[in-house]
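Taking the form predicted alone, here's one chain by itself in structure tokens.
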Amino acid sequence: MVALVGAHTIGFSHCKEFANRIFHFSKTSEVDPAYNPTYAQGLRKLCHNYTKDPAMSAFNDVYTPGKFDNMYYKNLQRGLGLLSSDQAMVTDPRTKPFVDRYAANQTEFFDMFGRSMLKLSLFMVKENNDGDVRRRCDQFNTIQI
């Protein structure tokens, strides 16, 4: 799973998906302390108007957003994990060793990502009317009548 989530090295997330981490995080902290402070301030500035403009978004990988590489894992080690689920991988003792391995060894990440994608592609494949390809990854398709 840690290898598959490495797909976040490309793409973006809408501000609403992580706004809870940069605005009013807790009673004692406006921002999630797991964030790199400079990164958090940049996200706050970028997403300041996200409730009025739902298209506001940030790259999942701030350094190489258009390149498939292992920078995503290096970012996690630096407190630059955009989503809480991403950042949790570097703090959880079950997943941290994989984050560290993939950050240190891009070839191993590529190998494990490829193997994981192949395994996932064969897992419980739905065919014909049993499955549905989502038009938007964050929403179920609506039935057209």
Ligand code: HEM
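As the structure is a prediction and not an experimental result, all values here were calculated from the model. Start at 1 with the first residue shown and count on from there.
Heads up, the form predicted in complex with the named molecule isn't pictured, but that's what we're talking about next.
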Option from 43-51, 30-38, 112-120, 91-99 whose residues, in the predicted bound form, bring a heavy atom within 4.5 Å of the named molecule: 112-120
Residue among 85, 77, 26, 106 with a heavy atom within 4.5 Å of the named molecule in the predicted bound form: 85
Exercise: residue 19 in contact with the named molecule in the predicted bound form, heavy atom 4.5 Å: no
Partner contact for residue 64 in the predicted bound form: the named molecule, 4.5 angstroms, heavy atom: no
Neighbours of the named molecule in the predicted bound form among 9-33 [non-hydrogen atom within 4.5 angstroms]: 10, 11, 12, 13, 14, 17
